[in-house]
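Before any questions on how it binds or moves, here is one chain, the form predicted on its own, in structure tokens.
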Amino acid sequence: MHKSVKIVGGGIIGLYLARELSRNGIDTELFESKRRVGEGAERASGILSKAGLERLGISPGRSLVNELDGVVVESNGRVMRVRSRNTEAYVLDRGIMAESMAREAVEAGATIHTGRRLSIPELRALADEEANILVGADGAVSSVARGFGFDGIEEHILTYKAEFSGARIRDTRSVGLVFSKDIAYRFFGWIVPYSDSKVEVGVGTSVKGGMNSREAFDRLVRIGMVREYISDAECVGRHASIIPIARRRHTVIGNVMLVGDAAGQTKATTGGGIVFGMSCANVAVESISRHIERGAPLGYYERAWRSRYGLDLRMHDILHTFYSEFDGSFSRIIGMANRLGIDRFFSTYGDMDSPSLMLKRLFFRYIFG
């Protein structure tokens, strides 16, 4: 029987999945509710690790906005600076990245429908067709997950960010992070330079704290380090969003699968999900190919992505709990880290996506080094 994959959601993960399925000769249709691919994506933060993109064989191309090799962490007046000898992350224009991915998907043979918001009855009708495999790549509040009885995601982060033009950026290659429960409950504020005069300032706060993300943002911009950047700058755009920082217990039910934010395949430490989402999308391609060619159950996807990426995602969970619960003493931890030279270790061995690898290196450096 001829099989067809229907993807719901035209963000970067959904488009990447459509491209890879089509390159593998699998009939693929993608449905995006917005009028054009990439609409709204340009308002999303786009810091992606260089190592993660290289592992996926992806070049930033025209979407590259800036390169980062440093981090400045502030908590209650204490500061830790971490600097690498090499570029560690890219700031990308996710709108351009999405448009490029869409072109490549269509060139590979995928069909993309924009302006198509499918109702839950329509989704169920698609899934009821025996020849179809339905994939939800439709974000944290996934209609596919809701329509097919997938369990919920335990924790989300509400974010609010703004872009400023005419900012005063002394170091265009370092991102700033601010940790304080008075500002962001179970998350942090950030300052991401786009250039020497344009910067993104944002904050995330857990829904568990009952905090409003706009209020958290207003507190953040009063902090000295942030105020210094944007005191004379002009706000040129604002955006609020919601991101998951916990995984669903199940990501496959019958012939329905979830990938990316819809599955909760994000780093709890930062909410970033592009690299992990695309990595899990590759596992989805494997699973779908095995199903079509050999009749193998789609449940392979569930087992395989958790086996390959579950450890690193759990390590991000642990690190998130660590910085969330220490807060008041986080500034003392920064001081201790500076005295031990751990900032220099992270400068040399840090990995944004793979904390398990980083901790192995930490073990050998400080136990056997």
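Computed from a predicted model, the values in this text were never measured in an experiment. Numbering starts at 1 and runs along the sequence shown.
This protein has a second form, the form predicted together with a small molecule, left out of what is shown; the following refers to that one.
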item	value
The unique member of Gly95, Gly147, Gly176, Gly272 whose heavy atoms fall within 4.5 Å of the small molecule in the predicted complex	Gly272
Sole residue of Trp190, Tyr229, Phe164, Tyr194 within 4.5 Å of the small molecule in the predicted complex, by heavy atom	Trp190
Stretch from 283 to 291, 168 to 176, 255 to 263, 125 to 133 whose residues place a heavy atom within 4.5 Å of the small molecule in the predicted complex	255 to 263
4.5 angstroms heavy atom contact with the small molecule in the predicted complex for Val106	no
Contact test in the predicted complex: Lys34 vs the small molecule, heavy atoms, 4.5 Å	yes
Non-hydrogen atom contact Leu21 with the small molecule in the predicted complex at 4.5 angstroms	no
Partner proximity in the predicted complex: Arg248 to the small molecule, non-hydrogen atom cutoff 4.5 Å	no
